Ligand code: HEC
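What follows is one chain in C-alpha cells, specifically the form predicted alone.
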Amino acid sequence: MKKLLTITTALALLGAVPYSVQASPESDQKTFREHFYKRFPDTSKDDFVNGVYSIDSASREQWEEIEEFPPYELNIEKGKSLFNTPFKNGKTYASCFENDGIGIAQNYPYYDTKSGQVKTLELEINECRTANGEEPLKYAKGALADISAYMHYTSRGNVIDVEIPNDPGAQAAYESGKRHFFAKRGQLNMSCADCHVYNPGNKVRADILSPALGHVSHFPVYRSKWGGLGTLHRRYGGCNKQVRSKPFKPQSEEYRNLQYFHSYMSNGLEMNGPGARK
C-alpha cells in the first residue's frame, strides 16, 4: 500500500508542478513508462498497444476472436474510397499530405509553428477539404473517421514519433495536455490518470480499466458500445461524460493538447489502428 501511494504521488506531480520547476517531457515519459512496466511486469513492453488485452488473458481471447473478422474492415474500405475520390477541383486528399498521405499517421499530432497550435490528422483532413473548396466533415465519427481509419491502416507497424520541439508554444501545449490528463473534473472528481494510471487492471462495474500507455496506438476504434467507428476525441468526450463533466468539442484546443501529451507518452510503440474494443 505504501509503495502504491508513493508511485501515485510521484505520478500526480507530473500534472501538478509549477512552470518554474517543470519536469522535461523526456523525464515525464520515463516516469510514466516505468510505472506501467513495474505494475505489469509480465506484459511485454511492445504489447501495451493492445490496451486492456495486454494485461487480461480472458479479455484477450475474446478480442482475438473478434479480430479474425474485424468489424472495422468496411470502414477502411470506405475510407480508402473517400480518400481517393477527387474533390470538385480534381485534387484528392493525397495532394495535402506528405508522402501522398500514406504511412504518416505516426507523426501526428505535431506542433505547427506557423499557426501556433497542435495539429492532429483529423484536423488536417478537414483543412484539406476546406482548402479545396469542400465543406468540413464532423470530427467524432462518420466519413472523417473512415478516412482517418484508412490513413492509420496504411501506417500500421510504424512507430509513434511525436516531437516536442524546444519552442515555447510547443512546450505550453504539452503542459496544457499534461494538466488535462492529471486534473480532477466533473461531479465524480476524477482525472484520466485516476482510471488509466492509478487503477488499470481494476474493474469499474464489469469493465477492466486499461493502461494509458499505448492508448493512442489503435485509434480510430470500432467500439461494440457505439456500434461503429469513432475517433480518439469521441472517446475523450465519452470519458468526460462518464465522470459527469461537460466535454469539450472534438478537435478543441483542449483535446488536441491532451492528445499531444497522450501520444508523446507512447513514442516508440507501433501503430496498430484501427482497432476493435468493447
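Please read all numbers here as calculations on a predicted model, not as lab measurements. In this text, residue numbers run from 1 along the sequence as written.
The protein also exists as the form predicted in complex with the ligand; that form is not presented, and the subsequent description refers to it.
Trainee: Which listed residue (57, 224, 242, 44) meets the criterion of a heavy atom within 4.5 Å of the ligand in the predicted complex?
Mentor: Spelling it out, the residue with a heavy atom inside the cut-off is 242.
Trainee: Select from the listed residues 82, 96, 190, 104 the one whose heavy atoms reach within 4.5 Å of the ligand in the predicted complex.
Mentor: By the 4.5 Å heavy-atom cutoff, the listed residue in contact is 190.
Trainee: Mark residue 66 yes when one of its heavy atoms lies within 4.5 Å of a heavy atom of the ligand in the predicted complex, and no otherwise.
Mentor: No, residue 66 stays farther than 4.5 Å from the ligand in the predicted complex.
Trainee: Taking heavy atoms only, is residue 258 within 4.5 angstroms of the ligand in the predicted complex?
Mentor: Heavy-atom contact with the ligand at 4.5 Å: present for residue 258.
Trainee: May I ask you to check whether residue 129 falls inside a 4.5 Å heavy atom distance of the ligand in the predicted complex?
Mentor: Result no; residue 129 lies far from the ligand in the predicted complex.
Trainee: If you check in the predicted complex, is residue 195 within 4.5 Å of the ligand, heavy atoms only?
Mentor: Looking in the predicted complex, residue contacts with the ligand include residue 195, since a heavy atom lies within 4.5 Å.
Trainee: Given that the partner is absent here, state which listed stretch (210 to 218, 66 to 74, 23 to 31, 36 to 44) has heavy atoms within 4.5 Å of the ligand in the predicted complex.
Mentor: Of the stretches listed, the one contacting the partner is 210 to 218.
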